[in-house]
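Single chain ahead, by itself, as structure tokens, in the form predicted on its own.
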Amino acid sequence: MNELFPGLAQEIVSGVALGCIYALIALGFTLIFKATEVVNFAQGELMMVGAYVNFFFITIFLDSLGFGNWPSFILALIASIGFSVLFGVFLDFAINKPLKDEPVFSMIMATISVAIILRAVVALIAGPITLVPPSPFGNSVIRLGSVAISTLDLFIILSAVILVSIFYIIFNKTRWGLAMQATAEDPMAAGLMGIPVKKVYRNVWIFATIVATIGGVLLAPRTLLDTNMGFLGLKAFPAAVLGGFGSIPGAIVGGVILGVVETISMGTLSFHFHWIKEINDVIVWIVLILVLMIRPVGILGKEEVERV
């Protein structure tokens, strides 16, 4: 029993960090959905592309130009965010503008197609080799009793909380956030009221791409870098639904819950109950179904009331 609690505490901390990555991807789902009511199934691949672009810039700054570890990380992050802004503009031009008046199903299929294309293009350019991005923190850890917490994990948790808080304030306390909500509710009415609907759509795609890039930058040193990173989007999607699809705080709540559940199931539960190993890949979906059976709109989701 004395050995069980330190192990659980270690897994919970690791699960919270993993859940914060899920939360950042889920936040990207939420941003697009709140403005367009479309689910962007390419969000995981946007994270993967951002991680590869960041690795490319780190290689330039660290190896070619001889900058230190931290300067290279900061410069590469800034350059990657700049790339994500341009990429977000391109996605708005390539996906949203041609399909914004088409059925939602067409937009969803377009995002799935983009996900497949991005995975193939990155595999073609980068090859099948798994890369090892350097962590700006190295292997440093902080010890709290018998629990060792990676400095990288603490940085991931802090970054996720800050980002979610910033976007929550933007969408609920600023004119731009109100404009985005009005656009999602009725684009035609929003346009008639003077809201620049096209600009709102473009900015949403930009912000979703930036969030995905930051998630990829944080995740890559933790799990290594390969073209299959994008599949994490399939795990982040139930996190968004669990927290309440369209709820920004719900993204981090759902992400953390699923991250902790997944980590504990792969660790302590799998050790004591060997059959758990067989359902590790679907454990998050089982948790999602159980929660939705009790609360169909998710933990922090709001029920929509239709007036007749």
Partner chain sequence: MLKLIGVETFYGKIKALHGVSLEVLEGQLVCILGANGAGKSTILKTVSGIAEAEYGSIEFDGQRIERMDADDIVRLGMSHVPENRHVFPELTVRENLQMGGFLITNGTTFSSRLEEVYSRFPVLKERDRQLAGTLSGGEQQMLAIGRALMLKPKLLLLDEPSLGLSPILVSEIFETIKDLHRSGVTILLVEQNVNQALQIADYGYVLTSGKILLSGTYEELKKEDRVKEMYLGEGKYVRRSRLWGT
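Computed from a prediction, not measured in an experiment: that's the story for all the values here. Positions refer to the first chain, counted from 1.
From this point on, the text means the form predicted together with its partner chain, which you will not see here.
- The stretch that touches its partner chain in the predicted bound form, counting heavy atoms within 4.5 Å, is 176 to 184, out of 125 to 133, 74 to 82, 176 to 184, 90 to 98.
- In terms of contact with its partner chain in the predicted bound form, the residue from Ala148, Leu234, Ala189, Ile169 that brings a heavy atom within 4.5 Å is Ala189.
- Residue in contact with its partner chain in the predicted bound form (any heavy atom within 4.5 Å), chosen from Met193, Ile116, Val141, Met109: Met193.
- In the predicted bound form, its partner chain sits within 4.5 Å of a heavy atom belonging to Lys198.
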